[in-house]
Ligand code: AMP
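The chain below stands alone, shown as structure tokens; this is the form predicted alone.
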Amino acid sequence: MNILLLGSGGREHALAWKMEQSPLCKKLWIAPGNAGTQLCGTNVELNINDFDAVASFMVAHHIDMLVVGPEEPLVNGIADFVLQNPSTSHVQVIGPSAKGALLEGSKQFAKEFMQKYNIPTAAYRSFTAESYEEGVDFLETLASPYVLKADGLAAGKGVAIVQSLDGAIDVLKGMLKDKAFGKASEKVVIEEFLEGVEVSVFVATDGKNWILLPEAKDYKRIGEGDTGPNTGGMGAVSPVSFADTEFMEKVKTRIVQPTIDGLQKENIPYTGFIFVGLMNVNGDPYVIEYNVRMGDPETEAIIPRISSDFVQMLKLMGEGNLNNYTLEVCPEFAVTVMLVSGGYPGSYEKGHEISGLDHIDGSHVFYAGASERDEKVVTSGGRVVAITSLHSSLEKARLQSMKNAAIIKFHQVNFRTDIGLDLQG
């Protein structure tokens, strides 16, 4: 198969690395890709939200499958565009329709969907600038801490968990009145805070059949001990110790199956991945959020644990025959550590040379915000490189990732040294 993968992050490098290993993959293009994806296939300078340009490329290069990494093109309707275009309608698209992508594109849509299909989630209400005062009144009825979410896509930064009522009111004002996230925060969802431990569950589906990929726990905060502001993710661990057979059975019956059933009842075409962000509340799973693609950096921890043919899985998803796939998973622990630019998640510099990449041993290196310039690899984003190590011991996998993370150098490099510590013992 000739495959086009859209995206440019660590997730896409991990996917490209895995897809390139499949005998079903004849030729792999990545648009726009990064310094790592070009080691697995051919990078292409394409604006992934210019659907006409993407379609023209697919026609010219006889693309058989389109795999969409990030959420924005999905929310913008790329799957519908490709499948409704006569010149590309034969292409298998791994990614949901625009309506399916609303599970991530609109927090309110997701909440209403969960409520309708009795999927456990936190109680909530949504507000606009016009109902700002009602939002303040609602906050006053809740106990601390307060959870506020921009309704639309905000690059992973549209969620605030605030300890004080005054602080929560300030955040609500910032989102609705001051348009902190632009169009994304024209509507804000306020929900009750769930006390528990988070876990990320990944579903692959053809719209009817589904399988669970390995679960993971990611670490959002910039600082050790989960302190400081939220980021796109500072690391991940898979498997997750508390996600045992009993807990995962609840996830399947209370959340995954009702989600797939709900999509079918709503006549929403869905071929792709559903990331379910869960909170384990005293052994019961509650949905915090849906994403309509693989997570990042969880993908960098999950993909190396999958030992079966990943492209075969994608192909069967595209054909509606996912029930014929047998997922094989390595039982070892994977620990992923993300190296980020100094200043991230605030302002940071780009263009600094990255050294030590050729001295990494015993770990996978997935490039995220890293590009090639003058035959050197340089920083081009906030999250720069992910290091993933596998071992039968969680602690040994963790230490291996830390050891190799310390080898990589670039300007003001920063990483957390406590990834996975909370899952030991």
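The numbering used is simple: start at 1 and walk along the sequence shown. A quick note: this is a predicted structure, and the numbers were derived from the prediction, not measured.
Just so it is clear, the following notes concern the form predicted in complex with this ligand, a form of the same protein that is not shown.
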Taking this ligand as it sits in the predicted bound form, is A122 near enough to touch it, meaning that at least one heavy atom pair lies within 4.5 angstroms? yes
Does any heavy atom of I161 come within 4.5 Å of a heavy atom of this ligand in the predicted bound form?
yes
K315, heavy atom within 4.5 angstroms of this ligand in the predicted bound form
no
| message | Whether F193 contacts this ligand in the predicted bound form should be assessed with a 4.5 Å heavy atom distance threshold; does it? | response | yes
Only one of 262-270, 306-314, 286-294, 351-359 sits within 4.5 Å of this ligand in the predicted bound form by heavy atom distance, namely 286-294
If we test each of K252, K173, K220, K208 for a heavy atom within 4.5 Å of this ligand in the predicted bound form, the one that passes is K220
Partner-free chain; cross-checking this ligand in the predicted bound form, the single residue of M279, L212, A180, A154 with a heavy atom within 4.5 Å is M279
Across 129-153, the residues having a non-hydrogen atom within 4.5 Å of this ligand in the predicted bound form turn out to be V147, K149
